[in-house]
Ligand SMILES: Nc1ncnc2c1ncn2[C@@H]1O[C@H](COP(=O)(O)OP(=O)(O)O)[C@@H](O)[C@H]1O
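Heads up, the chain below is alone and in the form predicted alone; it's given as structure tokens.
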């Protein structure tokens, strides 16, 4: 049997993701200060702090309601475009979990794909625009490819994690099409996109959390 995540497990992952984002505050703020407003980390960190406060409520919910609640909290607490995009991502992913009591391998791939589609639709953005999508999109494509090839869950989780991290790193070579970086003369070339980096933190933490349960 492969991995199975309950709503309580996902709430535990949220706690770990919050810690990962919190501990990288100076680094993410430095990245954002080079190309943006410098407030990406403070906004997303505030959102995850609120999620951690809500864990007793979240872990008692079914998965569908838990994801909707996470989306609503993120949308209401995280400032700027990130709040709307993350809120849309979780509310979009909740639809995948209707009538599901656990998350298994294919479900997790479907969740990440639903998040990607919601973010792309809400942000009117595509891969290569130097945004959080540039971490999430390669992770989703990798996940789908791994399942199609029948790779083990352990191998799949490792490859998806690498795809997300490599995707975030690839934003250094991209010209920004969205956000304040697109107004710079060099369109942010040479700098990582902070939104892609914090997205990679979340996917990395999620893949590690699941792998530890195999």
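Everything numeric in this text was worked out from a predicted model, so none of it was measured. Residue numbers count along the first chain shown, from 1.
There is another form of the same protein, the form predicted together with this ligand; it is not shown, and what comes next is about it.
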query: Output flag, 112, 158 and 161 jointly within 4.5 Å of this ligand in the predicted complex, heavy atom basis; finding: no
query: In the predicted complex, residue 82 touching this ligand (heavy atom, 4.5 Å); finding: yes
query: Contact of residue 145 with this ligand in the predicted complex (heavy atom, 4.5 Å); finding: no
query: Distance check, residue 68 to this ligand in the predicted complex, heavy atom within 4.5 Å; finding: no
query: In the predicted complex, residue 57 touching this ligand (heavy atom, 4.5 Å); finding: no
query: Partner-facing stretch of 137-145, 69-77, 116-124, 90-98, counted where any non-hydrogen atom is within 4.5 angstroms of this ligand in the predicted complex; finding: 116-124
query: Residues of 30-47 having any heavy atom within 4.5 Å of this ligand in the predicted complex, listed in sequence order; finding: 32, 37, 39, 40, 43
